[in-house]
Structures are given as C-alpha cells and as structure tokens.
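Given as structure tokens, the chain that follows is alone and in the form predicted on its own.
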C-alpha cells in the first residue's frame, strides 16, 4: 500500500544543512495500522507529510497504491490526494461552518452533487457518532468531538489511506481512548490503511499492528508492536519504553544483588517462576517493580527483581530463567 524507497529530505537552516529524513525505507501493508514513534524533532511529521508529498523529498520514491507519486504532474497528484485522508493534531476545522458543513467541504471541492453530499455526510455522522451534532459549530464541541468531525471529513472522499498527524495529543485520556477505538473500527470496517505518527507509547500499544521508531531522521527499528514492547533492540527504543513505563532504575541499595528485568508475554505470565527460583536454588527474591501492559490483544508483563544468594546459586537461577521463554535482562550485578 505504502512504500518509501531511499527517502531523503534536508533543509538549509542558517547556512547549514539539516537532514530531516535519511535513507528511509518503509513498507506498509494494505489494511494495516502502522505507527511511527519518536521524540519531538525526530522527523515524524516530515515523514508523514512526505507520503502525500506535502513535503517533497530531495531524493527517493513514494509509492502509494502502486503509483510513484514523485513522478506525477501537479494535476495528477491532486487527483491521487483525494484518496489520502488526513487527520490533524489541532482539528483544522472552519469555525464559520457547522459540523455538517465541515464534513461536506471536501465533497463540495470535488464537485459532488447535493443529494450525494447529503447522503454521504449523514452516513459519516452516524459512523463517528455525531448525528445529533450536525448543526453544531466547532465552538460548541469538545476536543474529542472536534476530532471525530476531523475523522469524518477525512473519510468523505472514500480514501484508501488515512494519515494521522498526532491525532490524539491534544485530547484527554478518555477522548483519546474513544478516538483510538473509532480509528480501529474504521480500519476494520472500511479496510482502510492507517499511518499514524505519535510520541505517545500508549497510542501505539492500543491500536498499531506494527511500529517504526524514528530518531534523528533515521528509521532505527521496526517490528510488530508486541515485539517492540517486549524485546526492543536499539538503545533509542529501550529509552522510549523505559521513560514511558517508568521502569525501576537500580541504585546503590542493590549493590549486593543481581537485579533482573523479566519480561513475560501472553501465557508466560502464568509460569510460577518466582517460587521456582526460591525453591530450586535457595536464593532470596525482592520485588522492585511489577507492570502488566495490554498490547493489542496480548498481555506483556514486566517484573524487576533483586536476587541475593551464593554466586553459584545466582548463576544457576539465571541459567534456569533463560532456559524458559521468559526474557531476562541483567540491570545490575
């Protein structure tokens, strides 16, 4: 559905070249929800805007639905953009238009007849749960309702692809959850491909099938979302997860302990690993932290613990853990 090949984008800032994107190669399957996660300034927005060529790359190719957009004329590009919906962080609604009028705008621009506009907007209002707000104006809506209007407007031209530019970062927790449920519903019911960028790990874990980590303009890691959470490979990804989940950091009180982070996936959480360690190897166990996260439909658990005992017993305990499907990471020894 989307394929970015050797994508590069740079700017001249104070007579110095700034590389916003560096050799990005990315493939997103049709019907997938793909998240791009990174810190502020990492290049997320530039990548997203490159997909519909609002940012034209210095080099590389942008393939969407089998067409390299970089080869199209301006008129052809406009036509293809009708099939790419965009949801903005700050809604971008027209205050002078009602909810109905905001959703109808793309249809009016493309010259659809009035009966079709009436029918389509009515369907979309029902889809996003705002049928009773059709005559309201943006000033009368909550943030979550405004974003639902934005989503309906993005769907007005029946796009194949939906781009979400930090679509939930301006919302409270309850509205964020509702909007994410709506995006997932749209993805399933309309078979719509969704590409979203965010700095919020919570957004990624709730709806994304796969996630790419971007740092200083480079795609440093990508994988299934549950794998990114349970087994991050790069330091950047590890830091993002560490900061988001507030993992315990060993201190001087752990100087005589073997401090481990144990990661349990799915049914692994049913394993009596702690009691087995104490019984089998005569080690003492001190719990430092325990977390359970729901990633899509998979449970991922984290336990940070300090083991004390004879050196040989600690080695045997660690070897035993690593013989199971539970991941063990040494944080301090």
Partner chain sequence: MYKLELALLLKATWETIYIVYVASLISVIFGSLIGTLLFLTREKQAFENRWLHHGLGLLVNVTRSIPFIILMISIIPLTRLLVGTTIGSNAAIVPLALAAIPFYARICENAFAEIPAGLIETAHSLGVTTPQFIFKILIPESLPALIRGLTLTVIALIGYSAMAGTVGGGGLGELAINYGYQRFDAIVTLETVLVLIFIVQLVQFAGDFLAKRRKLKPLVVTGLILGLLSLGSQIDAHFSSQNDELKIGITAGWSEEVMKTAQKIAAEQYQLKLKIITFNDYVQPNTALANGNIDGNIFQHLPYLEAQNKARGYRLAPIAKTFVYPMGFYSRKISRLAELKAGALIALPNDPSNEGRSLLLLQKAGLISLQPKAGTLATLKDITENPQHFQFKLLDAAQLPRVLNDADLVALTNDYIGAAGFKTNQAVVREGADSLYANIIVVREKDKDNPLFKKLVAVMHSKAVVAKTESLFPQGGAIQAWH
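What you see is a predicted model; the values in this text were computed from it and never measured. Positions refer to the first chain, counted from 1.
Quick note: we don't show the form predicted in complex with the partner chain, though the next part is all about it.
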#### Entry: The single option of 174, 108, 116, 126 touching the partner chain in the model of the complex, heavy atom within 4.5 Å
108
### One residue of 184, 199, 160, 97 in contact with the partner chain, assessed in the model of the complex (non-hydrogen atom, 4.5 angstroms)
97
### Message
Since the partner isn't included here, can you check whether the partner chain sits close to all of 78, 88 and 92 in the model of the complex (heavy atom within 4.5 Å for each)?
### Response
yes
### Query
Is residue 54 close to the partner chain in the model of the complex, meaning a heavy atom pair under 4.5 Å apart or at it?
yes
#### Entry: Contact label in the model of the complex: residue 288 to the partner chain, heavy atom within 4.5 Å
no
### Query
Should residue 82 be classed as touching the partner chain in the model of the complex when contacts are defined as heavy atoms within 4.5 Å?
yes
### 4.5 Å heavy atom contact, residue 49 and the partner chain in the model of the complex
yes
#### Entry: Segment assignment from 126 to 134, 214 to 222, 100 to 108, 233 to 241: heavy atom within 4.5 Å of the partner chain in the model of the complex
100 to 108
### Query
Can you tell me which residues in 117 to 155 come within 4.5 angstroms of the partner chain in the model of the complex, by heavy atoms?
153
